[in-house]
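Same chain, two versions here, written out as C-alpha cells and called structure 1 and structure 2.
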Structure 1
Amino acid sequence: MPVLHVFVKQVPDISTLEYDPSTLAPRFEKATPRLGEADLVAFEAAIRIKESWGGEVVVLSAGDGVNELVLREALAMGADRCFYVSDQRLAGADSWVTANVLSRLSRKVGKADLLLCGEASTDSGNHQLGPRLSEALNIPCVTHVVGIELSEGLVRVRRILEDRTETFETGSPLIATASLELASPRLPSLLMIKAASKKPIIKVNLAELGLDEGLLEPLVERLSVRVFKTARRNIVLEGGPLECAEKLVESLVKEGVFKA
C-alpha cells in the first residue's frame, strides 16, 4: 500500500488580512492562519488515492509559529499523522530553505511512494517548492498536475500546458505539484473533526534534522511588502440614458481606456 507525503504551508487568510494605513505594510500577525489553497488540493488528491488504494497519508509542514490547530484541519480531512518544524529561524525562509528543511524532514519520517504539494503557495506564489524538493531528494518531479492515477508499481500523471496536454508514466517515488484543477477539497464532517483530535501531531526540532548552516541561509532577501492602494474617482454622470452614454464614452477616451 502506498505511503504519501503531503507538504502544506500555513499562510494568512487573505479575507482577514489588514494593512497599516501609514506604511501600507500588511499586518500578517493579525491575519487568521490557514492552509494554502493549492496545498489543500494536493491533500485532497492524496486522500482520494488512499481511499482507492489504502496506505497512509502523512502531512509535513515547516515555518515559524506553526499553529497545530491549522494542521488539525488536514488530519480532519483524512491524514493519518502530521510532522512539523516550527522555528523562528524560518521566519525569513525562502523556497530554498523551506525545501531543505522539508526534504530532510521527509527523510526523517520515512520513505514515501508519492510526494505532493501545491504548485504555488498562497502568499509567495513562486512555484519553486516542488522542483527544489526534487533536487534535494533526487526524485523526479512533474509540475502543474491535473490528474493522478496509480497502478501496480506505476504512477501516471497528467498536466495541461498552454498549447498541449502531457501524460507521464513512471515508477515511484515521484513528486507532483498540484494544480487547482486537480481536485476540490472536501469539508470534514463533525465526526472527522473529532477523530482528528486523537491523531498524532509531532513537532520536530530544527536541530534534529542536522542541516548545515548554509542550508538555512535564504538566497532571496525580501526588502518590503506593500499593499497596492486604489481609489475610485467617484464620477457621477447626470442626464438621460443617451446623454450619460455619450459622457461615459468621452470620459473613457479622455482617460485613455480606448480610442474614439
Structure 2
Amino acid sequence: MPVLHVFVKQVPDISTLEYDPSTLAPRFEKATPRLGEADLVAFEAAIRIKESWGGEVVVLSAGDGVNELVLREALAMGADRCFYVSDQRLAGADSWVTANVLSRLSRKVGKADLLLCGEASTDSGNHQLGPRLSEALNIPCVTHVVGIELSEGLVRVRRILEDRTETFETGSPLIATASLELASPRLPSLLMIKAASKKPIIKVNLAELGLDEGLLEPLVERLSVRVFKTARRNIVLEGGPLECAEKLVESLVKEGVFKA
C-alpha cells in the first residue's frame, strides 16, 4: 500500500491581506494563515489515492511560526500524520534551504512511494520545491501534473505544458507537483474535524535533521516587498446594452484606439 508524503505550506490568506499605506509592505501579522491552494490540490489527490489503494498520507511542512491549528485542517481532510519544522531560522528561507529541510524531513519520516506538492506556492510562487526535492532525494519528478493513475508497481502521470500534453510512466518513488486542475480540494466534515483532534502532529527540531550550515544558508535575500498599485480611471458606463455600447465606442474613438 502506497505511502504518500504531501508538502503543504502555510501562507497568508491573500484575500484578507492588507498593506501598510506608508511603506506599501504587506501586513503579514494581520493576515489569516491558511494552506496554499496548489498544496491543497496535491493533498486532495493524495487522499483520493489512499481512498482507492489504502496506505498512508503524511503531511510535511516547514517554516517560521508554523501554526498547528492550520495543519489540523489537513488532518481533518484525511491525512494520517503530520510532521513539521518551525524555526526562526527559516524566516528567510529560500527555495534552496526549504528543499534541504523538507528533503531531510521526508527522509527522517521514512520511505515514500509518491511525494506530492503544489506546482507553486501561493505566496512565493517559486515553482521550485518539487524539482529541487528531486535533486536532493534523487527521485524523478514530473511537474504540473493534471492526472495521476496508479496500477501495480507503476505510476502514470499526465501534465500540460504551454504547447503540449505529456504522459509519463515510472515505478515508484516519484515526485509530482500538482497543477490547480488536478483535483478540487474537499471541505472537511464536522465528524472529520473531531476525529482529527486525536491524530498525531509531531514537531521536529531543525537541529534533529542534522543539516550542515551550508544547507541552511539562503542563497537569496529578500530586500523588500511592496504592493503593486495601478491607477485606472474606473469609469462606469450606465444604461442599457445599446446605450453602453455607444458610449464605449465613442470613448474608445476619443482614446484613439478606434476610428469611425
Partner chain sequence: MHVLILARELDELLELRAVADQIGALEVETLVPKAMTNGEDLASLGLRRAYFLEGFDDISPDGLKKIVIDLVGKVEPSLVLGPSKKVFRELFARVAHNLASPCLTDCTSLEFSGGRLVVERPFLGGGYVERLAVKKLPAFLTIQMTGRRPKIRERNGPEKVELSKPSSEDFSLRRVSVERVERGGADLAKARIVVSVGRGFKRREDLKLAEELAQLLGADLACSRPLASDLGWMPEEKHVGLSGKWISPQLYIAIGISGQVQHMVGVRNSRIIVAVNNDTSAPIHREADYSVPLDLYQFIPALITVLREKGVRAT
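Numbers given to residues start at 1 and step along the sequence of structure 1. These figures come from a predicted structure and were not determined experimentally. Rigid core here is just the name for the largest C-alpha set that superposes within 1.5 Å across the two forms.
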**OP:** Choose the one of the two that is the form predicted alone.
**Re:** 1
**OP:** Kindly say which of I202, R164, E169, T230 is at the hinge when the rigid parts are compared between structures 1 and 2?
**Re:** T230
Subject >> Angle through which the smaller rigid unit swings between structures 1 and 2, given in whole degrees >> reply: 36
**OP:** Enter the rigid core superposed C-alpha shift of V236 between structures 1 and 2, rounded to one decimal in Å.
**Re:** 8.0
